[in-house]
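Below you will find one chain, with nothing else, as structure tokens; this is the form predicted on its own, and questions on how it binds or moves follow later.
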Amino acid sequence: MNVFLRRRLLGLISVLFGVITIVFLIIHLVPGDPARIMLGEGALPSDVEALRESLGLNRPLIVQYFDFFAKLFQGDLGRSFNTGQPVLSAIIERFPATLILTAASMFFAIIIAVPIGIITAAKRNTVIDNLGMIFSLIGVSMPAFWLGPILVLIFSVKLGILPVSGSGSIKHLVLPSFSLGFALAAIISRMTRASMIEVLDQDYIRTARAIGVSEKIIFLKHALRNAIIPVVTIVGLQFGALLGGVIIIEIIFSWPGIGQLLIPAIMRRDYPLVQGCILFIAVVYIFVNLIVDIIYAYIDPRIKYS
């Protein structure tokens, strides 16, 4: 296990290095001058140049790149061009809201999808199985940025039973978490069904049925434990998709998370804030996948790390 962890941590460092480099180059090469955006189109060229110098934007790109890394190793992500607030403080302030929304979406997806997957596997090739397939097709066909406004129109504008935006209560969490988790629920349900069917066709399941073990014990104790490994894999991978999707959902529902930092920062070319937000999301995503790999050993003792 220790060797495995060391290898993964080394891989984590290389991945983060690649993410930082790509993000740094993309955001600096995209047309748009932060100083010009901050001062407006009517600003004097001398004022724009003075602001660029104060922000360090007049230095060669390679110098800015190595300067960013030097500060990063000291735990300094820089300061926002627009607010002057330390980037790390701004992210830490907003991250709990993003984590709550992501966790709620994941929880919603799992409690809906896993039972559907088990039931459709038990009732394969029946009407119930076909209904499960229709649910999956609908789920993967409706992106969160489309489903969110539709839910707002129905439950907020028409029915008036849920708030349109903001945070502060469970009601505020319902629509954004449903919008974000619905597509994931469809994916997990199909994965659970496929994995359960594969396990149920194994010889040891037929042997358990032959000796009179009840179907409930077969499904919950023998089949589900072995079928859950691919589901854990897809949950870990889709967590990254949730982190990406939550950015848009936070904008739609005015949820006070990292998305409320990142999108305006991109529009304003706030380089330190954009780099910090994306780096933070990448770290969380890689860490979650590391946790998923470790969980494998506890789910299936046959898995060994060497």
Partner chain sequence: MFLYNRNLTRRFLFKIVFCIFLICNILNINCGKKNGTLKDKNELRVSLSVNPMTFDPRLGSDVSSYRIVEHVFRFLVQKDTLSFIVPDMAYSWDMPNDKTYVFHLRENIYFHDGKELTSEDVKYTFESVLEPELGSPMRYAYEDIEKIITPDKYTVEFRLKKPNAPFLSNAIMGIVPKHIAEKEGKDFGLNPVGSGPFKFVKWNQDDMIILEAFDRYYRGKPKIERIIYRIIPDATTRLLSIDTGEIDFLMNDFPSEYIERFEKNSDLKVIKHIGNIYEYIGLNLKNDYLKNKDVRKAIAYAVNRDEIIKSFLNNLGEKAYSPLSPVNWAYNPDVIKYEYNPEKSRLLLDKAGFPDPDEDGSLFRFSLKYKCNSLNQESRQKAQIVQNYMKDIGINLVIESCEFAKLLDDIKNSRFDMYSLQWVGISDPDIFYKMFHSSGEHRNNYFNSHLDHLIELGRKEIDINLRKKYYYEIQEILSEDLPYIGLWHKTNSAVMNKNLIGFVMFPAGDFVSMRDMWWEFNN
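Numbering follows the first chain given and starts at 1. Treat the numbers as computed from the prediction; the structure is a model and nothing was measured.
Omitted from view is the form predicted in complex with its partner chain, to which the following refers.
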query: Stretch in contact in the model of the complex with its partner chain, which is absent here, among 188 to 196, 68 to 76, 227 to 235, 112 to 120 (heavy atoms within 4.5 Å); finding: 112 to 120
query: One residue of V152, I205, A104, L88 in contact with its partner chain, assessed in the model of the complex (non-hydrogen atom, 4.5 angstroms); finding: V152
query: In the model of the complex, L243 touching its partner chain (heavy atom, 4.5 Å); finding: no
query: Partner contact for V157 in the model of the complex: its partner chain, 4.5 angstroms, heavy atom; finding: yes
query: 4.5 angstroms heavy atom contact with its partner chain in the model of the complex for D33; finding: yes
query: Non-hydrogen atom contact V140 with its partner chain in the model of the complex at 4.5 angstroms; finding: no
query: In the model of the complex: members of 75 to 113 within 4.5 Å of its partner chain, any heavy atom; finding: N82, T83, Q85, E93, R94
